[in-house]
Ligand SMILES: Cc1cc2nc3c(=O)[nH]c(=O)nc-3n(C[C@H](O)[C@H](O)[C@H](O)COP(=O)(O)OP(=O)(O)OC[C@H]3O[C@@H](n4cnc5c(N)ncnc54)[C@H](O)[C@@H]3O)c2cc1C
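There is one chain below, alone, in structure tokens, taken in the form predicted on its own.
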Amino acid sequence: MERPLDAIVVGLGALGAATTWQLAKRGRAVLGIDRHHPPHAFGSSHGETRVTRLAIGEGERYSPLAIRSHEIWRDLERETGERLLVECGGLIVSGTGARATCHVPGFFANTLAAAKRFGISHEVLDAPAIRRRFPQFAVGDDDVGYYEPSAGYVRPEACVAAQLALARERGARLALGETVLEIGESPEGAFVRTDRALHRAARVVVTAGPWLPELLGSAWAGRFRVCRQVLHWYEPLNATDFGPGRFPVFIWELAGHAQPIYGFPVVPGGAGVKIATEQFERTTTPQSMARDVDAREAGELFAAKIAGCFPGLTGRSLASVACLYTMTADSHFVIEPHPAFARVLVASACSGHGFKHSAAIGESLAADLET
């Protein structure tokens, strides 16, 4: 007979993969369920790179999670031989006057405060210093930069794959290509009904990202908004100038714009310089999202926000990918019990800044489920 399940994890993206691995690592009997075959390109955990930074402008309380996640990814690298975390440095550019807002008001000042509180190595650069250090950035005279050497990027597909592979090695069962129809509770414990089976366990953790609104029902109406985002890879005039040794990950709170741009160096084997913005005006669902990206989207973004910032890019889009943000009203995470089912925990490290924290949140969730 199979050992009774201690936990079921619904959704195996960044947070679900981390939680499943951490539970298996602790010797718990765990089943992970996903309607696709992760890592996949249907949710939020894809697109080659995700920014990671230790000083968190969305709130100082997130910095310990980012710091711990870096430690966990290094442990994963040693165990798997995969390269998951690249600390190529990170630059946040802001300044005076009306600026784009990155997730929360005071993002730049909050970042600086978090760096000071947690002793995170950093530099504050004026415009001439930015130009000397990073001539690829055509900053204005009023721009100011926060530079963090330990920032960089993680590889989302590789992180998800590594954690799920280790979870399997430690005895986790994975039900892939299986669609969840119902999550609930009975006198015997929690259950998950799918299109293939009825699974029972002591606890259920729902980490389904953009599928949360449809899975959780009316009790969660209005808690989450799902927005389509588009990532573009632009051709550099000289790829060496934009490599990880010379070009950092960045977030730029542009003057005169509502939303910032962010981007990455050319990664080994990559197509170009990945740059994106954010949009929160239009909502979608995983089923209805337009997954094809029109070439006009790349051209419009380049003309509106990028051309004047990076003269070393040609404007030719080499690739484009759509993904999903699961948004909350205040850009903070949701980690709390289901209001109707005490044995069901809902966890969403969402709002566009979740991946960098996911490894540590998965560890924390696994520890909490043992109590």
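The structure displayed is predicted, hence computed values, not measured ones. Each residue number is its position in the shown sequence, starting from 1.
Missing here is the form predicted in complex with the named molecule; even so, the following discussion is about that form.
- Comparing 310 to 318, 60 to 68, 335 to 343, 41 to 49 against the named molecule in the predicted complex, the single stretch with non-hydrogen atoms within 4.5 angstroms of it is 41 to 49.
- At the 4.5 Å threshold, heavy atoms of Phe302 stay clear of the named molecule in the predicted complex, well away from it.
- Interface residue remark: Leu12 is counted as part of the site for the named molecule in the predicted complex, having a heavy atom within 4.5 Å.
- Shown alone here, Thr101 lies farther than 4.5 Å from the named molecule in the predicted complex, counting heavy atoms only.
- A residue is said to contact a partner when one of its heavy atoms sits within 4.5 Å of a partner heavy atom; Thr179 meets this definition for the named molecule in the predicted complex.
- Though the named molecule is absent from this view, in the predicted complex it lies within 4.5 Å of a heavy atom of just one residue from Leu31, Leu324, Met327, Ile306, which is Leu324.
- In the predicted complex, the named molecule lies within 4.5 angstroms of at least one heavy atom of each of the following residues of 332 to 369: Ala349, Cys350, Gly352, His353, Gly354, Phe355, Lys356, in sequence order.
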